[in-house]
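Quick setup: one chain, the form predicted alone, written in structure tokens, and binding and motion questions come after.
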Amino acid sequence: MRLKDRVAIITGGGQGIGRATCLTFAKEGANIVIAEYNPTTAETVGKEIKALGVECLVIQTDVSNGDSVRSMVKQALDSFGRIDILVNNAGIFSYTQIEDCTEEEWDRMMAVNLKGPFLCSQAVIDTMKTQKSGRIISLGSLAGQVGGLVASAPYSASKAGVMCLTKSLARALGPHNITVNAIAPGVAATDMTTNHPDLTSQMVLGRVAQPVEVANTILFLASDEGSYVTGFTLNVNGGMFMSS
């Protein structure tokens, strides 16, 4: 039970990698806060979590809105009294070509994918500093490393921003025993990639990731086993992109 009695906030926990992370953490003993824009899907996951013998709180949250985020964190503290782990998973995706990208799409992509992790991280900092411990893990992307093979420019840019934000937070929070890391998935079998072109020929392992495989990597960074890793983006892409 690597996360026994710890409290984890997971944004976008109602589906895909977020759902897999919620269930993986719950099996390791963590109590879960699902911060989800769509509470219907999150409630279903919440029932699965409670069946594993831990507590789960579902809070409808717009991660792009500071008031919504701060309210979510307050409710989590009111219920559990502490926050040990934050997983910034919530995000949106698009394939839009640069010449067709509207200002509204750019702004929305940045608001959810980049501003969201900033607001959520900012909202838990005081609590983690008081505890003198904490883990923040954000979802970057292979697209943010290579400029997007099929993903849109705003999506790719937002994820590159997340991975740089990770380094900034790690530098600021390290002295308080708070680690901050990111992972950069390639293509995973989720609803978000339903219409994604087949890129398995570019993957050394020859297949897309299952959500639980990404969740297991997040678990490593959230657990004591990852206690000396900070400011790092870990590739989880089946060998599709190899960085030094």
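Numbering starts at 1 and runs along the sequence shown. Fair warning: this is a prediction, and the values are worked out from it, not measured in the lab.
Not on display, but discussed next: the form predicted in complex with a small molecule.
Novice: Mark Ser141 yes when one of its heavy atoms lies within 4.5 Å of a heavy atom of the small molecule in the predicted complex, and no otherwise.
Specialist: Although the small molecule is absent here, Ser141 would touch it in the predicted complex, with heavy atoms inside 4.5 Å.
Novice: So, Thr190 and the small molecule: in the predicted complex, are they within 4.5 Å at any heavy atom pair?
Specialist: It does: once the small molecule is placed as it appears in the predicted complex, Thr190 has a heavy atom within 4.5 Å of it.
Novice: Closest heavy atom of Ala35 to the small molecule in the predicted complex, within 4.5 Å or not?
Specialist: Yes, Ala35 lies within 4.5 Å of the small molecule in the predicted complex.
Novice: Under a 4.5 Å heavy atom criterion, is Ile17 part of the interface with the small molecule in the predicted complex?
Specialist: Heavy-atom contact with the small molecule at 4.5 Å: present for Ile17.
Novice: Would you confirm whether the three residues Thr61, Gly91 and Arg108 all fall within 4.5 Å of the small molecule in the predicted complex, going by non-hydrogen atoms?
Specialist: Yes, all three are in contact.
Novice: Exactly one residue in Val112, Val124, Ala153, Leu165 has a non-hydrogen atom within 4.5 Å of the small molecule in the predicted complex; which is it?
Specialist: When the small molecule is considered in the predicted complex, the option within 4.5 Å is Val112.
Novice: Pick the stretch from 133-141, 75-83, 96-104, 166-174 whose residues have a heavy atom within 4.5 Å of the small molecule in the predicted complex.
Specialist: Stretch 133-141 is the one.
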